[in-house]
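Provided below as structure tokens are two forms of one protein chain, presented individually as structure 1 and structure 2.
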Structure 1
């Protein structure tokens, strides 16, 4: 019995050690990532949720297993949602400026998941869980210890390598959950049976999505969709393998993941931009840390940053009170501007991840990491 337990423990240690080797960065790197994530949350995705208050009770069908199904019997009122919206903006400001970042991050995650639980009570769960899940993990990465207005105190819970390794496992399992059913139904030698074509035509004709490359795909031979079926399934079933192979293999998979989403956006008009932000958590930002740190010491830069964040917060506040979407801050709120802006962001994510493949760096030395911290042991 004792030897079995020892064997299981040794497998467990090897598993996490391998993943840490493939994913680890450092506190300085995750601090830069915190700013990038904060900028994304404040300026790029600017949803408000007050519209949920207008939904009639007859449409309230929460997921059977969700806390809103247990605790609520209707969509929440406007005052509640306005408060939640404002608190979310405040917590994002906390993340981007580094004001009690750990608390701000956890507050944002709880508020976001709560309000999305109500949104999904409309009857459809949008699978954008990776972003809140990543934020929940990063709250324990120590990303608020530096480059912050009010830095977090060092805590025994903080560990960038552990946080990133859990995010990698969540990505691996998340994609496994998406790919395994597809593998059962899509992987066969029947060239006349296809899953991707169903997604494409459903989006095009039923949901009236208008992907940029729809004309090209409409004229593509049917077997091309079959290739997309196979590639899609392989992509979704391989992240956990890639992270267990090596640091480079993991980075190659991340690049292909971003490219896959970009292609999805062009061909299907399905935009999982939040996942793109999750992938760039694994980039080592240490080389730019010094530059960012110096920048934030300059009074002019500080004033500009505070002005931009303040402006965005005010715009977000007005958006909440008027229930009007503002789209991407500083960009005109129309379809084309939004589309091209998203394409630019995806291109930047792909480029950054591509460069990372060739700048993998040495495998982290375990003494350099905080792997021996008592977190969750």
Structure 2
């Protein structure tokens, strides 16, 4: 029995150590990523949920195994949702400025997951869980220890390596669970049955989506869609393999993941920009850390940053109170402007991940990093 547990623990140790070697960065790097994530949440897409109060109560059918069933049978009113929205904006400000970042991050995650439970109780479950899952992991990465107005104290729970390795496993598991289902139904030689074509034509005619490249794809032969089916399945089944091969293989997969989502956006008008933010968590930002640190020492830079963050927070607050959707801050709120901004963001994500492939260096796993649970005895 002891030899069996030792063998299992050895495999577990090797598994996590391999993933850590493929994903690890330092506190300086995740601190820069914290700012990037905060800017995205505050300036690009701030979630609001006051609209839930206007939905018909007849559609509210929470699942049996859900914490919302512990509450009243009715879903929360507008005042509750407005309060949650304001608290989420406040927590985002704490993330981007580094004000008790660990607490702000956990508060945002708890609030978002809680309100998503109400949203999903109306029947449609979206694909946006990776962002709060990533934030939950990063809360214990130490990303609030530096580049922060009110830095977090060092904690024995903080480890960038652990946080990023868990995120990598979550990405691998999430994509595998989606890919295996597609593999069962999509991988066949029946040209009359096609998953990608179904998504495209359903979105184009039923949902009235207007992808940028729709005219080019509308008359494409079905064998082309069948190739896209195969490529999509292979892509979704391979992240856990890539992270276990090497650090460079993982970064190559991340680049193709971003490129895959960019193509989806162009062809199907399906935008998983939140996943793009998750991918760039694995970039080593240490080369730009010193520049950012020096920039934040300037009183003028600090004043401009505080003014921009304050302005964005006020705009988001007004949006919550008036129930008017506000897109990207400082960008005209119209479809074309938001579309091109999203394309630019995706292009920047792809470019950054592509450069990272060639900048990949071996990240040593220090002896003091406990990448697995203590040895079983």
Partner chain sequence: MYSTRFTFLLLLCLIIPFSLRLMKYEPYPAVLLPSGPQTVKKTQGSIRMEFKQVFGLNPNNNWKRIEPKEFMHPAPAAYLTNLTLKNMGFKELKPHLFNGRYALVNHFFRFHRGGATNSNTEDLRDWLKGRLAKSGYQTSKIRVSTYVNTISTANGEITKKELKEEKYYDLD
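Positions refer to the first chain, counted from 1. Between two forms, the rigid core is the largest collection of C-alphas that superpose within 1.5 Å. Everything quoted here is computed from the prediction, not taken from an experiment.
Engineer: Quick one: identify the form predicted in complex with its partner chain, either 1 or 2.
Structural biologist: Structure 1 is the one predicted in complex with its partner chain.
Engineer: After superposing the rigid core, is the C-alpha displacement of residue 317 2 Å or more between structures 1 and 2?
Structural biologist: No: residue 317 shifts by under 2 Å between structures 1 and 2.
Engineer: Any CA movement of 2 Å or more for residue 63 between structures 1 and 2, core superposed?
Structural biologist: Yes, residue 63 moves 2 Å or more.
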